[in-house]
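Take a look at this single chain in structure tokens; it is the form predicted alone.
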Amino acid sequence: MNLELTDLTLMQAIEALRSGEISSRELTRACLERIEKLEPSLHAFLHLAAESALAQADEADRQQVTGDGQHKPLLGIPIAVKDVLAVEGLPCTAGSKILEGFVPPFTATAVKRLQEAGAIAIGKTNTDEFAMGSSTENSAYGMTHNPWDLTRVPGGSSGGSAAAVAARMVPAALGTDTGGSVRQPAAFCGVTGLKPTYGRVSRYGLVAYGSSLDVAGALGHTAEDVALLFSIMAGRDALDATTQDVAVPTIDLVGATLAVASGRGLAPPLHGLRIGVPREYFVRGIQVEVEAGVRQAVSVLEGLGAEVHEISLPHSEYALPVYYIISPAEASANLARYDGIRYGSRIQAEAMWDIFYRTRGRKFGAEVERRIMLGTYALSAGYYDAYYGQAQKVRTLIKRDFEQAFERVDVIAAPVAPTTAFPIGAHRDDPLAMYLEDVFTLPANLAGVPGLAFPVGFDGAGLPVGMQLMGQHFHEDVLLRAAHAYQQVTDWHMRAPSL
């Protein structure tokens, strides 16, 4: 094998394991060694499970030999898990001091399904506290650095997962996306990240931030990688009433590969695909190289047979204020359970109420406190209708914009963020500037539609440029086929940072 083990994509690693070219122990040990080497500079992980990962790798190797694991598509593959998804026996802090020392007695459904398919949870990755942030600077345990430039943020809140994949620490990782938290770090770190349709993947075992917005997603190097993870995670779960009983499609990407490879005798791989480009996503202030990269990528998709149409999503301009009313309101309710009594750490006091006040006052970070206060205010008597109720009405208009757009097109192509990865500390004293980093990703969460981010170039500073495709509810397969076709004729997704 010419590639280093840690350079393998998820699909390449699976093939190498099945053929016997490598063992799971070799792959897992290589990942652990690379993590040990790079962690001091990146800080992508909060917890490592080295001993249990190697033990699971040995068991996977045994099953490869005996054939007991033939039905497990991820047998022996090490993956990283964002530290807001519960894994039995591993700490789950959600990047917060208030959950310091908490070890859940159960595993999130999305993780469990991957484990049942043979995946090995090698560790938990860093995150903005309770997934509230766009840079991973809000983690109570220290920030993660971007592998392409250590002075830049990796994005957030799944910055640890995106950095771990980009740095070749693991072939794939899980993240969550409430307002762009898979797609934005995927773009900043130059990897591929999928936010499924709301209700497609179970939220059981996911530490809740905004319950009507949270979605568990996957990050890998290629659309093919995340397609496999998605197909295993997705589906109805009796433990999450919001999951929908909608069949998970078989995602066949081979046809697109063959059509691109042959060049003759077959219809272009994206023949008949209608792509919409919303004019509202190319606003004044967007980084020139980001707009140029996205428009060039759309041209490549057009060259692969797609039709391109300009469309409008007129209520997108309201997505930012709507999101920052709805999500803090849901956060204020969800985070009321963290009182220092039931789980996590506490600050002792003689009176029960003093335990509440001291624990919440000292263990929550500044951003979490800000959002709890915003949400509590929006839900308070006299303001509920003016803020929360009105925001829900505008959310319906945003959703309707997407429904009307999808009557004309199959997918929507847009930038992921207005800029490439910004310097650490650039928005530390300006929360609004930080919130604006999610302006292009928020609408998909409010509408509940799927989104896929992938790299389409680099800026002059050598930082990745990302594009996102958004699709109709439960049509993740269309997004993945389009991105896969694009990745067959480009190599942005395979470029690695020099660490």
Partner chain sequence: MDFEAVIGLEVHAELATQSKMFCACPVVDTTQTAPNSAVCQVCSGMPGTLPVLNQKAVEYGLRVALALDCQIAPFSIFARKNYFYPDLPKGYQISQYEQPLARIGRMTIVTSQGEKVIRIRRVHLEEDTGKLTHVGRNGQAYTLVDLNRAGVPLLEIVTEPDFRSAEEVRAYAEALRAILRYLGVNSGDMQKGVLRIEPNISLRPVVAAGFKPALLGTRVEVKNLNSFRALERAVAYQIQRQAELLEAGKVVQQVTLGWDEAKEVTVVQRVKESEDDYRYFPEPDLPPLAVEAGWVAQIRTSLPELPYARLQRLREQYDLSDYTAKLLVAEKSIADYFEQAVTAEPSVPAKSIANWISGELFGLMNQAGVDAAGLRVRPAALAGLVKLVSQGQINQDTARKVLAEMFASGEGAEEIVKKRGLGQVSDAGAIAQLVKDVLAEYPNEAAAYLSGKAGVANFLFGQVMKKAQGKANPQIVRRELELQLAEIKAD
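Residue numbers count along the first chain shown, from 1. As the structure is a prediction and not an experimental result, all values here were calculated from the model.
The protein also exists as the form predicted together with the partner chain; that form is not presented, and the subsequent description refers to it.
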### Query
Quick one: does R337 come within 4.5 Å of the partner chain in the predicted bound form, counting heavy atoms only?
yes
### Task
Would you check, heavy atoms only and a 4.5 Å threshold, whether I398 touches the partner chain in the predicted bound form?
no
### Task
Give a yes/no on whether G205 approaches the partner chain to within 4.5 Å in the predicted bound form, heavy atoms considered.
yes
### Task
Although the partner chain is absent from this view, report whether I120 comes within 4.5 Å of it in the predicted bound form, heavy atoms only.
no
### Among 306-314, 272-280, 236-244, 71-79, the region lying within 4.5 Å of the partner chain in the predicted bound form by heavy atom distance
236-244
### Query
Are Y198, E330 and A333 jointly within 4.5 Å of the partner chain in the predicted bound form, each by at least one heavy atom?
yes
### in the predicted bound form, the residue from A386, A366, V288, M352 that sits within 4.5 Å of the partner chain by heavy atoms
M352
### Summary
Assert contact residue (the partner chain, in the predicted bound form, non-hydrogen atom within 4.5 Å, options Q296, Q390, Q404, S212) equals S212
### Interface residues of 358-384 toward the partner chain, as seen in the predicted bound form [heavy atoms, 4.5 Å]
R360, T376, L379, S380, A381, Y384
